[in-house]
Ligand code: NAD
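Below, in structure tokens: the form predicted alone, a single chain.
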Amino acid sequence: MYQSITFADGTAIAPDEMQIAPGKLFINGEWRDAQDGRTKPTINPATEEAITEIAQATEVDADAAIKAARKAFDDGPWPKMSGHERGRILTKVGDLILKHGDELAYRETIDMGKPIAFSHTVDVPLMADLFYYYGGIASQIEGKARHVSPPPTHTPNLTYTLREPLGVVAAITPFNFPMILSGTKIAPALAAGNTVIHKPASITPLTAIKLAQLLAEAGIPEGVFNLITGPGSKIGDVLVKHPGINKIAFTGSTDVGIGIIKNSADTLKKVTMELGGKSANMIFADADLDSAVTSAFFGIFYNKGEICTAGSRLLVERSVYEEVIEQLVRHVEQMSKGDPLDPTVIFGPLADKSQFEKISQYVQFGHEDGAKLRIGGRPFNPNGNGNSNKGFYYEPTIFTDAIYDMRIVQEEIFGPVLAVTPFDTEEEAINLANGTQFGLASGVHTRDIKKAHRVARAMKAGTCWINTYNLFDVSIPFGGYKASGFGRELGTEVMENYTHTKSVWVDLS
């Protein structure tokens, strides 16, 4: 364990001073054990050691959280507050996130394996920005006066619309970006006046627990925010089916998302789905190849490939195909891999054992289907000395000569495995890019601006990056096409997902 972690800007944190207490449930403003007292350890993927014990909620606990959130919405002050009042509290949450940023970054890294170089400088500031941004939006949720054609009686009317909160929102979030993907749901839901129940991924609950503490410290009223940790298959199912929940905001796999949609149908819940991806990133021969290769490298290997927008399919124009591959291999060879608490490391362990096993299986599929392994394709020892094989470390992996129907081309791997395919024409590249069930993100690299815009319009994906990849901002909407889901997160557009629109007619005669 590092005694201290010093970053390039001179800031430092001392992880040995950050003791992680056992995690409890947060229901109706109180910290409590699970109803049956059951706990389960959360595991550090770099060491395979238990970090602390986490309460495992039961159906009884989930029901208590729903009742608390329901009462807080129906009878409590939060929906009735002005947007200014809610905004002040959310802004304070943003301040507290930055104040406790070192601890949040440390928790994220030891729980998920994300290099602290990213959790400290990317995830913490972006989560704070989410609460600042939606704290500002809270006072701007407004309806409109409308001019209507006179009815047959020619009676004068005043017509206007109101934007009102939905009610109780269940936010079900994944393991790969525990902080950011919690904030993308919780901040706008609260800004709109809803109450929230947060169910984080069972393997990465530590930053969710800290966020609940910060929300309470900021002055969120009792029952407005509730946290339940535990098995998603059991607790998530309660949230999805319960008539007291008005909306499910979910990020996760497409298969799980389909199940949520089906199970929520009987209660006609509003649902938004940010689901899987198999994003295509294409490099044309006229691109700035150094820049394009760097973007492609981070597009797939950032966060160990455990990112839904990963540019896991790289399409390269044939005349520069080998040159691009050679540059990518050199990038991988020079990559700093190992202990995610080392601030010089940019590639750490996979999030848990099941991820490690899944990646191993897909590498085997790549071999079986005839792709050519260029680099990686095996676990690695971060110590490099043969003394320890602990940790879920897997080499960044590149397969070339990947063709349309291979499993590594068609199926989401959600890990550091890149499939590279050559193309000859723009039309072929577009057909290949759109040739999966997914449509979350895409990328195009070219110096020809007309071609860039033409290809961006042709992509059947919710985001297209031109001459870059994996850039995000709280003001820019994000979401998918096809099997990558529906609804948008971020930006002002997300508020449509957390409010009703009511029309009001007033007879002025």
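Quick caveat: nothing in here was measured; it's all calculated off a predicted structure. Residue positions are given as counts along the sequence shown, with the first one as 1.
The next section is about a form of this same protein that is not shown, the form predicted in complex with nicotinamide-adenine-dinucleotide.
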The stretch from 162-170, 407-415, 76-84, 370-378 that lies within 4.5 Å of nicotinamide-adenine-dinucleotide in the predicted complex, judged by heavy atoms, is 407-415
Between the options F175, F284, F347, F118, which residue brings a heavy atom to within 4.5 Å of nicotinamide-adenine-dinucleotide in the predicted complex? F175
Though nicotinamide-adenine-dinucleotide is not shown, can you say which of E103, D401, D237, E323 has a heavy atom within 4.5 Å of it in the predicted complex? D237
Evaluate P125 for contact with nicotinamide-adenine-dinucleotide in the predicted complex, applying a 4.5 angstroms cut-off between non-hydrogen atoms, and reply yes or no. no
Any chance G338 has a heavy atom within 4.5 Å of nicotinamide-adenine-dinucleotide in the predicted complex? no
In the predicted complex, is there a heavy atom of nicotinamide-adenine-dinucleotide that lies within 4.5 Å of any heavy atom of T251, even though the partner is absent here? yes
Using 4.5 Å between non-hydrogen atoms, is A55 touching nicotinamide-adenine-dinucleotide in the predicted complex? no
Is it true that R313, A429 and T468 each have at least one non-hydrogen atom within 4.5 Å of nicotinamide-adenine-dinucleotide in the predicted complex? no
In the predicted complex, which residues of 427-441 put a heavy atom within 4.5 Å of nicotinamide-adenine-dinucleotide? L440
